[in-house]
Each structure stands twice: as structure tokens, then as C-alpha cells.
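Before any questions on binding or motion, here is one chain by itself as C-alpha cells, the form predicted alone.
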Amino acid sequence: MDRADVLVVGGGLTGCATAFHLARAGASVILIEAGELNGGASGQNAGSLHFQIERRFLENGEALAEQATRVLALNRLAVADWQGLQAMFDDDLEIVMDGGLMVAETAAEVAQLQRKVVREQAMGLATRLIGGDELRGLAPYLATTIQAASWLGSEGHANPRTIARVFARAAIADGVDVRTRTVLTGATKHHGGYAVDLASGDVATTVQADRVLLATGAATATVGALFNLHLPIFPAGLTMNITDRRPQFLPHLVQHVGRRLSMKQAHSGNVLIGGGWSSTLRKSPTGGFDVSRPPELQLASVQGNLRAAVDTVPAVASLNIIRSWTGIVALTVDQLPIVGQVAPGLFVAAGGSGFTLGPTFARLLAAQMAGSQPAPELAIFGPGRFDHLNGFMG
């Protein structure tokens, strides 16, 4: 039986980064990934670094918006983490933090932005509402229909295909045993930790670990069942689009408070367009959702996403879309990720915002798994809010 201090399940950004921090702290770590590293949501998203309150928290009433305000304490930490990442590695991470705009077209949307900015400033986030000449001078590429925007100078974007792999390479250099194409098939409590059964092709092994982290995205509910736990995380299919390369004209992350839109221009000159447009999850033979295959593209989502982009930044109309793709994200019933200890020695990090907040989740979780007290900024994400689901599980 192989042994490690920590078994990390999931080779996305949070899993790779947590393994990196644990190894740096002196822990022996095995990381397993069912497919290839960064093959899930960490590598399929549009790479936004959005620290303002997200639109999805604003469109469902004041109660959810107020709850989202509590996330901002962690967002402030995430700003600092992303600002420090490039100095940690020799690789070019393509991190751009030149600012982000959440725009509004109607009076009602401007009022919504005003309420959002009040909440953010009360929590120490340096967001401010701008319009008129200041907005036109800062972002001359915006449509004349845009009335105002909330501006945060530390927002931006990064290359989602790069970050997790850089963490993985550094983790391997620090001694982490990374095993791809390796599936978790069973788990039992063992000597205060866990004995976890793994399968890689026809080869079956068992690993004993004192602590286990599930950073398994949309597969977390299924993996949690192997530990006899309900982890209420649900898959959702999304759509992203990318244009051909053009000279730089879009220096900011642009989001819309009233429409599903996020867009930014990469180092290469391509414009990435997303914002939460749906795709269709594939079905498994047993009737559930199959999260092992990419969702089916919906033409209406592509058209709606591009319409919102052109209406916000008219220059996009002259660009050519060279690829549309789908990805799977994981959501919880209250839209907040689940991050923390869910049972003795068993930790989870999944359920949304995994790219923007992944490096921070990883840093704080690694410290907690190494014996530190849980960071207060993680309290709102604690698995304990769903304890009632596991009260009969034993």
C-alpha cells in the first residue's frame, strides 16, 4: 500500500496549487487526476479575474446580493494572490490586471451598479462608479449606449491553459507524485485517515493518506458518495467564444450588469467572449448527466453571447469567430463554493469561482490541512452549512 500525508483528488487549478503549497510546507503528497491535468473547468473557462460582485449574485434579489457581499473579504485576498503569482514562477503566466469594468445601459442597471458599489466599498474593495467623459476617456471602445460602469483597477484576466500546469510542474519539482488517468474507485476510514482505492487502466492500487482533498469540480457529488457523503454540487454547461487576432484595442476585462457577458483580449490578440451562456450536458446511459464528455454547443447561446458583445463593444462586429467551445462548471444551491473540512481528515474545494479564487482557496486550504486554524475568510464557504444532508450518513 502506498502512503502519503495528503492525497489530492483532482488536477485542476485548485488541486495542483494546493499540492504545490503542501509540498512546500514539507508534506508528502500524491495527486491523482481521472483525465489529464487542467482538463476540466480550470482549463476550459474564459480566464476572467473578476473581483467585483458577480452579476449572478445581483440578478436574484437583494438577499443573495447581500450574501455575496461577504465573499468580498476573500476577493481582496485573491487580488493580492494574483498580483504575486508572476513573481513565484519563471513561466509567463499571461496575467493582466489592468482593470475591469461592469457596464450598465439603462437607468435601472445604473441604480443596480450604485447599490453594488456601496456594498463593495463598505467591504474595502476599491470599486467606484464612473460615467461621462471619464468613462469615454478610459474605455473609448464602449458603445455610446453604455451609460456608466463600476471600475476596479485590479481586475483583469489570465491564461487558463497555463496557470494550473505551472503549479503542477512546480509541485512535481517539489516531490509531489502526480498520477494522471487514475480514477478513485473506493475509500474507507483507516488508522485515522483514509485508505483510497485507485485504478489506472487495469492496474489497481491502494493509497493510505492522513488527509484527502476533493478538488473534483462537477464530479464532486459522485466522488463524495465514495466517502458516504452528500456533497450538493451540480454540473452546468457553459459556452465560450474566441475571435481571430487583432492589434490590442481592449485593455480591460468587460462585464455587463444586465446581460450575460464577459470579454477580454489575450496577449495573442484574440478576444475571448463568455459570460455564462448555457450548453447542453450530455446524458449517461443510466439517465444522469455525463460530466466526462464536453456538453453540446447551443447555437442560440453563441448568437446571444455575440449579440451582447457587439452591443457593448461595437468593434467586435468586425472580428471573425474562430472557435466556440463548451465546458462544465459546478454550482451549489446557494451559488457559493464549498471549501473546507467536510469530515475528519476529508476536505473539499468545489462549486464555482474556481479560477479567480482557486489560488487563494489552495493557499488557505493547504495551511489548514497542515494544521493551522481555518482562515476566517473561508467561513462563508464552509461545508457545515450542508451538515443536515449528512446527519444520517455516519
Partner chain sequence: MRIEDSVTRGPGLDILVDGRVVPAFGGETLATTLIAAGISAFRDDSRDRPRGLFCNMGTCCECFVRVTVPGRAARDVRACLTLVAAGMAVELARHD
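Here the structure is a predicted model, which means the values were calculated and not measured. Positions refer to the first chain, counted from 1.
Keep in mind that the form predicted in complex with the partner chain is not shown, yet the notes after this line are about it.
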Subject >> 169, 179, 246, 259 - the one with a heavy atom within 4.5 Å of the partner chain in the model of the complex >> reply: 246
Original post:
Here the chain is shown alone; which of 266, 85, 130, 319 has a heavy atom within 4.5 Å of the partner chain in the model of the complex?
Top reply: 319
Subject >> Interface stretch in the model of the complex with the partner chain - options 206-214, 89-97, 311-319, 292-300, non-hydrogen atom within 4.5 Å >> reply: 311-319
